[in-house]
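The chain below stands alone, shown as C-alpha cells; this is the form predicted alone.
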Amino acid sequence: MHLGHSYKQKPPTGAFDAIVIGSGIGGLVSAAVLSRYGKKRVLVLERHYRIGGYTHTFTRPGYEWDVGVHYIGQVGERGALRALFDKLSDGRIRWAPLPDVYDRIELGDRAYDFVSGAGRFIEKLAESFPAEREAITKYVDLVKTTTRKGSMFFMARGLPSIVSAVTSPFMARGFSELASRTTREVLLELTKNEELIAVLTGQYGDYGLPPSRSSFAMHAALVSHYLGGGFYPIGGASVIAEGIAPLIEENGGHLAISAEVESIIIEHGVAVGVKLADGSEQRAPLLISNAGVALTFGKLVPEANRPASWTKALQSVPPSSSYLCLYLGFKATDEELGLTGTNLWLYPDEKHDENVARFEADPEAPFPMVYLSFPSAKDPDFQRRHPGRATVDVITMARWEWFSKWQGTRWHKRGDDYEAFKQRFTDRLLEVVFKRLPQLRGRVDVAELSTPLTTEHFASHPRGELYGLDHTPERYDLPLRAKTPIPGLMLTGADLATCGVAGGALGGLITASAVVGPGPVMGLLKRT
C-alpha cells in the first residue's frame, strides 16, 4: 500500500477544508476524524518521505525496524484505543499480545516481572515485596484514579474557552494536585522501600524522566496504559498509518510527503495557510499543527504573531530528553536466538535519579538505563516478510549538547569524528546487550545507531527531543489548548496530552472534538 504522494511529483489540487502539518499519530487521527465528520477534504503535509511520524518503520536489506512503536496498551478486545483504531481503519489494524510478562525490570542482578491484569500485577509484585502488599494495592488504585481524572482534564482542552473556564475546575478536581507533584514525592507517601520505588518507576524511560523530576500524572498515565498488557501491530508499526490513511483519502483528502512547511501564513492576525520550503503555498480555513509546540511557536509562526502569554509560559518547560537507539539485525530467527517479546529494562541499581544525573554530567559514565525491545519476536508476521532474520532495538538516554556541534551537517555526511563518537556508544551498548544476552555475541549482522541529530533530521524536533515538552509538574500548568490564541490555528498531538501513541492519539481526539464536537469523538471510543 502506498503511503502518501510526493509533493513535487503529485502536488495537491483544489480547495481543502483543513491542513494538518505533520503526519504523526496525532495528525493522522485529527485528519481522519475530521474527514469522517464533516471536514471532508483534509490535506496532510509531511516533511519526511514516509507518513506516520514515530509509527513508521525503516528498512535495510533483509531487515525492518520500528522507530517508536515498541508496544501499545489498551488495544485488547475491550480497550478504548482498540475501538478507535478499529473504526478509523475499518478493522485493518490487527494486534498481537506480548507475552504475559510484558516488561521485566532488572536492578543489577535482581529481576521483577510486570504481568497483565491489575490484580495479577499486584499479586506478582507482592511475591517479591510481601510486606508492601497494601502499598502496592494503594499505588495501583491511585494510578487508576489519576488517569481517570486526567482524561477529563485533557478533554477540557478541546472545549470552547468560556465553557472550559467554567467546567475545568470541576473536571480537573483532584488531578491537578497530583499532576503538580513528582512521582517520587507521591510514592514516598505510599512506601519508604527504595527498591520497590525503583521497580514501580522502572518504565520511566517511556516518558524520559527519573522519579524526582517527572509529574505523577504522566507516570500514572503510562502505568495505567499497560496494566492490561502490551500489544504490537501485526505487520509492523507502519500498518497503523497504512490502516488510517484510506479514510482520509476516500473522503477527498491528500497525504503529501517530502512536503516541508517553512512557515504559517498569518494575515490580519488570522492563520490562513502555509508556505512550504519550495516557496509554494497551500491555504485552508483551518490549520492544525502536529509539529509540536516548540517548533510551531518557535519557528513556524512568525515571531511578530507569537502570543506573548504562551511564549512566556512555554519557557518554563524544557524539551524532553534525547535518546540513542541502536538497531540490531541477526541472520537467525528469534527462536534460534532464544529471544521473546518481553521488554527488558536494565538498570545498574535502584538509584534512578542519581544514575541519570551522573550520566547527564558525563557521557562516559555508566548508562543509567538500557531498554531492549524485540520487534521481530513481537510481530507474528515478521518471519513471512523477513524469513530467517531477527531484530533488536537497544535504547538509552542522551543529551542534545553532546551532539550539537554537528548540527547543520548532512545526514550520513557528518564527518569521521561524529562517526567515531557514535561508535563508542555503539560498542558500549553492545557490551550491555552481550552481558545480558551472551548468545548474541558474534551474531550481529547489522548495527546502526541513531542519535538526537537523527531525530532532529527526520522529526524536526529542535533539540532532538523524543517526547516533545518535558513531562515535569510544570507542564500541566501550561495554558495549552486545541485552539490557540491565533484564530484559524489549532494544535494537536502529544504536546496537547501526553507522549506515546496513546497520548498522540488522545491529542488528535481533543483537537477533533474542538472542531466537530465531543459527541462523535466519544462515539469513536465506544465498542459497538
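Since the model is a prediction, treat every value here as computed from it, not as a measurement. One-based numbering along the sequence shown.
Below, we refer to the form predicted in complex with a small molecule, which is not included among the displayed structures.
Here is the short version: of Leu34, Met490, Leu43, Val501, the single residue with a heavy atom within 4.5 Å of the small molecule in the predicted complex is Val501.
The partner is absent here; in the predicted complex, the one residue of Val261, Ala217, Ala245, Val75 having a heavy atom within 4.5 Å of the small molecule is Val261. Put simply, Lys483 is far from the small molecule in the predicted complex: not one heavy atom of it is within 4.5 Å.
When the small molecule is considered in the predicted complex, Ile395 lines it closely, a heavy atom lying within 4.5 Å. Not displayed here, the small molecule is approached by Tyr71 to within 4.5 Å at the level of heavy atoms in the predicted complex.
In the predicted complex, Tyr63 stays away from the small molecule, with no heavy atom inside 4.5 Å. Between 284 to 292, 194 to 202, 103 to 111, 310 to 318, the stretch whose residues reach within 4.5 angstroms of the small molecule in the predicted complex through a non-hydrogen atom is 284 to 292.
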